[in-house]
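Just one chain is shown here, as structure tokens, and it is the form predicted alone.
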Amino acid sequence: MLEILQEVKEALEQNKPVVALESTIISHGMPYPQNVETARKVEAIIREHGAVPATIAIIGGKLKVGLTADELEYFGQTKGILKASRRDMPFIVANGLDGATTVATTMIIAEMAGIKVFVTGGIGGVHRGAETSFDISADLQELAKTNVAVVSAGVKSILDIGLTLEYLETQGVPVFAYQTKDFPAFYTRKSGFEVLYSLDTPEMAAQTMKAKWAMNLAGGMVIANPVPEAYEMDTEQINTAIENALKACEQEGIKGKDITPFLLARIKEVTGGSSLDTNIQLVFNNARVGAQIAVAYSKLL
């Protein structure tokens, strides 16, 4: 069921740094061939910083940890791949289907393989209006119980960031900002919320990971890494785009796991594609930081 690419397997056996990557960004995040080009670039950045990339996906019911060039191409071109969260995994695996791993599922499979660092764009969270819809991403529960550190550009600003941070606090999930006290809002460097603790170096992050799990404190941690200033979007522009996208979502009756892809597509359309450019650059930046943290952590093993 679990198939680990030989390069990744050897790295894990030798305690070399490995960084997990999700596959939803490939199948649901952007069009072909940009999706595959971006995925390859992210893998290249991780290698440049001394770690081994392990893109995770479900192909033919197999949990893949590390994709070959052909598998990456297949995943980028194939239409209709299911978006796989924890609840979807049994059905997809039992029926030999393909699944694009979300943050939650990537964490699950990464832990199965023994990978401790995972790089993504932004984590899911509490949706706006969740007090009536109860729409809360499964990512948050996964962070509470799965021992993987997640490097992201914070929480997608289409969500209720304040409630997301409150939920994570209730679940005992440590939330750090990297080299800042301001929690980032994906497209922008600041959300208006501060974190209790910041991590200033990859070594500090690695030591914190080691200390957490050495005390048998189950669950992951959020390492929020702001988008580079040069690629940050104008706060007013992105907030207006988000509000308009949310109204359109409500008018069209979009629900459940279709909400986030719909909102991101509408925001991309409204911003003339600049939101996608920012998305890509923040993932590249997270890959750099994630690889550095994985390298530092591997030295503690």
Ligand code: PSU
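On a predicted model such as this, the values are computed, not experimentally measured, just so you know. Sequential numbering from 1, following the sequence displayed.
We do not show the form predicted together with pseudouridine-5'-monophosphate, though everything after this point is about it.
pseudouridine-5'-monophosphate is not drawn, but in the model of the complex it has no heavy atom within 4.5 Å of Met107. In the model of the complex, pseudouridine-5'-monophosphate sits within 4.5 Å of a heavy atom of Leu264. None of the heavy atoms of Val117 is located within 4.5 Å of pseudouridine-5'-monophosphate in the model of the complex.
At the 4.5 Å threshold, heavy atoms of Asp139 reach pseudouridine-5'-monophosphate in the model of the complex. Of the stretches 238-246, 53-61, 23-31, 37-45, only 23-31 has residues with a heavy atom within 4.5 Å of pseudouridine-5'-monophosphate in the model of the complex. None of Gly220, Pro226, Gly122, Gly99 but one reaches within 4.5 angstroms of pseudouridine-5'-monophosphate in the model of the complex through a heavy atom, and that residue is Gly122. Interface residues of 159-180, taken as those with a heavy atom within 4.5 Å of pseudouridine-5'-monophosphate in the model of the complex (partner not displayed), are absent.
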